[in-house]
Every structure is written in structure tokens, then in C-alpha cells.
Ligand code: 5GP
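Consider the single chain below, provided in C-alpha cells and representing the form predicted alone.
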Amino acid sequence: MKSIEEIYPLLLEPRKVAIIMHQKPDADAMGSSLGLYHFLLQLGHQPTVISPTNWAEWLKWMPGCEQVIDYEYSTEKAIAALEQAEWVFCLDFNTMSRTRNMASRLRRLPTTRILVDHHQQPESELFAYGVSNTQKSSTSEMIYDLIVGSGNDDKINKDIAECLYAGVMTDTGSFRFPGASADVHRMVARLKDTGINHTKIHEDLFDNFLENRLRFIGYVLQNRMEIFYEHNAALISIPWKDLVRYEIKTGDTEGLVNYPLSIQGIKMAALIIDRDEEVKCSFRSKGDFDVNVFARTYFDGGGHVNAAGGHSGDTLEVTVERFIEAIKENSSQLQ
């Protein structure tokens, strides 16, 4: 994989470009993708943004979101865009498995793939150009670096700024995580200079849910949360019937895994959800307990040191049993 800087002079030649994010995109995946989309438009490119799946309602305010293609819903349209693309940017994921049903097609594409990502252990051999930097707070920060590094700081308009701000703000936990470096705050100052209303962005992301979600969270915390004080760990496990009962949609469980970390002494939290087609897992930690290693070891997943995900082909009950055994094996590291 060649350095991302090598594409900078190539940006001057307009191309048909596809921008891909991971399945069930969060604000960083969508924000970085749309930020890049608006930037490439200004350079004369023909970019198309494709999500492998649908996305949360609270992301739909982002400028350009109405142009994003849902691969599962509009497969033929998405395939046509992929086949015409001269470049394919892969943002906020580094293994093709994170693109669900798109994975095999992306692997076969005879086009130039470009990686911009901040997760661990990338499949570097799949990309012609790219940057993989786990020290970066977010992929949105990395797209900002790409724009500035290529000498196009003047192209950062309000649309780009709103998208990138949403991505970096959410991936840093509203700037409280260690990744919120001085560079991040300098970036935010530059984005603010475009005239964005950061208060409105926070409201669109965090105050934009239906009543059923709040009642669902209350029910889950009361009935589905277990605390393992002897291991300084916590678990929220949610059966499919709960999702149906409360009419939970894509994005409604975002942030739920963080609640147990507010309990004194808890260093690691897990959210295990029966999504019907498979069991999905999210892991969060404080300090130096590496949930990336934990997810890769036990749940075929990965991510960051303090935030990772995985999945299981077993039932919810069996997956929960596996999790409990796993925290027992790691108990000494959680003390």
C-alpha cells in the first residue's frame, strides 16, 4: 500500500469515484464519507457515496445524505456506480468483511482502492494507496488531514465542516476520550470558522429520537444489565423480542454499551444483542484493558483499544455464556 500523499497530485484529474463506508454506519463513517464527497465535488470529480446497509434516522440531517446509496436497498444502482468508478475510497473500515454483502464484490473490483482508516490490523494488501493510523481520533480527522495536506484548505466549506465535526465529535465522546488531541481542537476551530452551528449538530445527533427509545433504555438497564463486580465488568444482553416490543430501529442502541462504564469500579462493558440474523457484540473499556484483542480473540471482531465490536453465530444465551467465561479468563487484567 503506497502512502496516501501519493494521490495528492492525482486529485487534480477528475475521476468517477465511489466512497464506501462500513455497514450500519455511525456518525464518523457517514461524516467522513460525506466530507470527502463534498471535497471531491469541488475538485470536479464525480463521487458517489455507498453504504452497505441502511443507516440511523439521526444521521439523515447531514448535507448530502440524501444522495447516499443503500447497497442492500438499491443494489443495481450501487453496483453500477462501483463498476464505473476509477477510484474506490474505503473509509472507517479496513477489512472487507465490514461491508457485509458488498465484501466479495469489493475484493474483485479491478479498480484502485484507497484506504483511510484508524482501526488496527488493516488488510493493507487490498489497497493501492492509503493511510492507517490508530493514533487518530476518527476517520473524519483523517479526511480533514487529507484536504489540508493536499493543499486544499480553502475548499473546506460549511457542508464539509458540518460532516467532519459530527464525525470527530462523536468518535471522541464529545471530546472526552484520549484521542481528542490538541490537533483535534485546532481542527474544530478551523471548522467553526466556516460558520457551523455546533449546538444544532449536537441536537441533531443526540436529541433526535422517539419516546420508545428512552423507554427501551430504561427497561434494558433495569432488566437486562448484569454487573460482575468480581471481574470489574458489566454486560447488557438484549433478546430479539425486546427489539420488536419497543420497535427498535437502526441506530437506536447507539451508545447503550457506555452506560455501565459510569458505574464506579467497572472497567469493561459489553452489549450483546440478538439481531435475528446474527448476534452482535460491542465492547468498551477504561484504561489499558484492550477490547480490540478481546474482540478478536473471542468474538471474531476488532476495533480500538477501548472500543471494539464482534459477532457470534451462536444463540444469545450461548454467546452470553462465552462472554462470562472470557471475562473470567481475563479477570486479572481487569483488576
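So that there is no doubt, residue numbering starts at 1 and follows the sequence shown. Keep in mind that what you see is a predicted model, and the values were worked out from it rather than measured.
Separately, the form predicted in complex with this ligand exists; it is not shown, and the next lines address it.
Chemist: For a quick test of understanding: in the predicted complex, does each of G301, A308 and H311 have a heavy atom within 4.5 Å of this ligand?
Modeler: Looking in the predicted complex, the three residues G301, A308 and H311 all sit within 4.5 Å of this ligand (heavy atoms).
Chemist: Looking at H45, H38, K267, K280 here, can you tell me which has any non-hydrogen atom within 4.5 angstroms of this ligand in the predicted complex?
Modeler: Of the candidates H45, H38, K267, K280, K280 is the one lying within 4.5 Å of this ligand in the predicted complex.
Chemist: Consider the chain as shown here, without its partner, and state which of R224, R213, H119, K136 has a heavy atom within 4.5 Å of this ligand in the predicted complex.
Modeler: Checked against the cut-off, the match is H119.
Chemist: With this ligand left out here, work out from 30 to 38, 50 to 58, 64 to 72, 281 to 289 which stretch has heavy atoms within 4.5 Å of it in the predicted complex.
Modeler: Flagged stretch: 281 to 289.
Chemist: Quick one: does T95 come within 4.5 Å of this ligand in the predicted complex, counting heavy atoms only?
Modeler: The answer is yes: T95 has a heavy atom within 4.5 Å of this ligand.
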